[in-house]
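The chain below stands alone, shown as structure tokens; this is the form predicted on its own.
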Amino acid sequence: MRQDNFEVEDREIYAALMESIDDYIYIGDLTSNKYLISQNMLDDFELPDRMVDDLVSAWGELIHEKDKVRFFKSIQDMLDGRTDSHNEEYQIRNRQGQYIWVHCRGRLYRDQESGRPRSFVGIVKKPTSIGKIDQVTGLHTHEKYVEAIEGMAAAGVMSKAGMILLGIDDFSRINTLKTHHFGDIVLRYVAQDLMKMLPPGTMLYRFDGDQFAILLPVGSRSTLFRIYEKIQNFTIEPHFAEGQEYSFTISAGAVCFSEIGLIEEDVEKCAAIALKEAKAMGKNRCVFFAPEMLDYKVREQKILQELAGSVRESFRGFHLAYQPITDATNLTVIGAEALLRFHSDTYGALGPDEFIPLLENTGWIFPVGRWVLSQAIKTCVRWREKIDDFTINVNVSCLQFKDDSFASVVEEELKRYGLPPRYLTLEMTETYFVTNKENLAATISYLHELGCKIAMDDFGTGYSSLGRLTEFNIDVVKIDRLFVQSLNANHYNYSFVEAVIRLCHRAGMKVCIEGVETALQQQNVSALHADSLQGFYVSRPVPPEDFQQNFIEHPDCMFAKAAPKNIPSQYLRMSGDKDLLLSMMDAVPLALNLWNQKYQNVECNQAAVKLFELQEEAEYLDRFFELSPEFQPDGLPSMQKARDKIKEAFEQGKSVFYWMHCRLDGEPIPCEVVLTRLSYKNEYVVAGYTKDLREHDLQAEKEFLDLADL
């Protein structure tokens, strides 16, 4: 290039640009169809060399299927003379097999005489250079989602669209169990897998935290639900990152825009409300937004008004319920957990999950928390007159622990009622111990010097937390109820809890098992040598007067329900011989099939094949999910309800319910289904016994159909 007294070689310019610019650069000679690409472009993508023949085709092979048509059309428009510029955003696969968003801009230069394409220069901007791309997942951000919604509204096509807002359930546990770096990797992998599952024309966005949004230009209720079913099935499979296995479920809030008739900025709010409802209903499910859900804002404001009035009026409406804590082996009552309850004049009894966050958000948790502490200590002093070693457990909000004056408040209340500090145990959830180490150390040290005990509540993130237990000098570890509920669903869970108890005992910590609801669970807890337990098997939380009458006056009232000592847990076992197992199944006159823990239908008997007029067992297993309508008579999707019932059987041992089956020709078959957990080859399976109500019990069929009409 020469201009006046200034001269520099074009090759030098190209070389300097390719070495100094962080984005990808490519230069093409269109007469020979050869392209020179920057070194970082070769490093990051599966291209043959710095000099590439027909880069458009090679690069196009790496572009996501959903973006290829748009990419090639832009190239063709230049070749046909309709434009000389290229400006597109699309997803492309890098050498790690991940699809990332890039922004490609280029300029085509033509021969001045013939007008034919001569050369092309382009820059591909990396994800880090694109302001509307999430750095962790490579997906478009919320800002880009807003632009898409506004574009739909401007084009008048919003009424056809649909949206699914996804939230990874308990994602904080992954961050806690591993690291935040590992959590970012999981988010990246989930994003990549989600993109592969979505139909053409569908957009995926990363919102805050663990949330993703799916936007469909045309989205009916059935289309949205089928997408969620595909995602739900994907979460069942084992997942690995950096050589470590992890598991998760996903909840969803779905919105059909045609059903709500709201302006564009309301759509996201509706999806968020539906997602919140899905989480509240037990997670791992999809809930569609309904207009009546908007009532929650009115409800929240009314509750806030009542809470404010209660705090002003000596805590009117608040009361404590007490749940017994017993010896794990003989069920002797040794203490209680004080649980805060609130009765609304408008809405009746409210759950802690609803009013505790409101107390924390408003700061009212401080006066209410002190009132709880005072009431619990006063009650413990009275009950110790009957049971000398009786202890009281009080839940403490993380905000209370952050307060510099909290430890002195505890000391003042203990002195006020004369309770020796060793009879007070303060409970905090595990997550706060992990994320607020600096804030906790001084307060816990003060409370220990005072003589109080500290309990880690909802323990359940695994061995990585055991170091923190000893680091904070924890006195009691309360193992989360989720482990107990799945204790008999998987032999690994049993061994895991056993190992945690053993390691805690070696470190001088006691272990309390939460959520014990059955005799079998109590028997297991006793065999595992836990120190104490609490749960519905002994009692639900009860008012103080009932606790006094039932447990303080009779601390040994549960002796009769305790498991006999030194008797191992007994399980219903089946033969490990598969041929014998199948013979046993065929001997059963009812339709019988077996489910594994991945919700897969693995075996069936001849009665099941006959019920649906099929040819053989293989056809039954392959086409099982065609043998039920999309929705059950109660309105629940069949797939979702089936999973819930199988999960219930794995956790509780059995599940009995009515079910509407159908033959392949659509003929309905009302049935009664009994699911039973069985042990087989050192694992658990669920056996499903299906009774055809048409043939066996006409009255039951009538009742079933009446139920379906409700």
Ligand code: C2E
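Since we're looking at a predicted model, the values are computed, not measured. Position 1 is the first residue in the sequence shown; the rest follow in order.
Missing here is the form predicted together with the named molecule; even so, the following discussion is about that form.
- Only one of V396, A608, C380, I168 comes within 4.5 Å of the named molecule in the model of the complex through a heavy atom, and that residue is V396.
- Of the residues H239, H142, R341, R384, just one reaches the named molecule in the model of the complex with a heavy atom at 4.5 Å or closer; this is R341.
- Heavy atoms within 4.5 Å of the named molecule in the model of the complex are found in one stretch of 224-232, 118-126, 331-339, 271-279, which is 331-339.
- Contact check for D531: every heavy atom lies farther than 4.5 Å from the named molecule in the model of the complex.
- By the criterion of a heavy atom within 4.5 Å, F536 is counted among the residues contacting the named molecule in the model of the complex.
- Although the partner is absent here, Q98 is not a contact residue: none of its heavy atoms lies within 4.5 angstroms of the named molecule in the model of the complex.
- Although the partner is absent here, R188 sits far enough away that none of its heavy atoms falls within 4.5 Å of the named molecule in the model of the complex.
- For the partner-free chain shown, I365, V372 of 364-379 come within 4.5 angstroms of the named molecule in the model of the complex, judged by any non-hydrogen atom.
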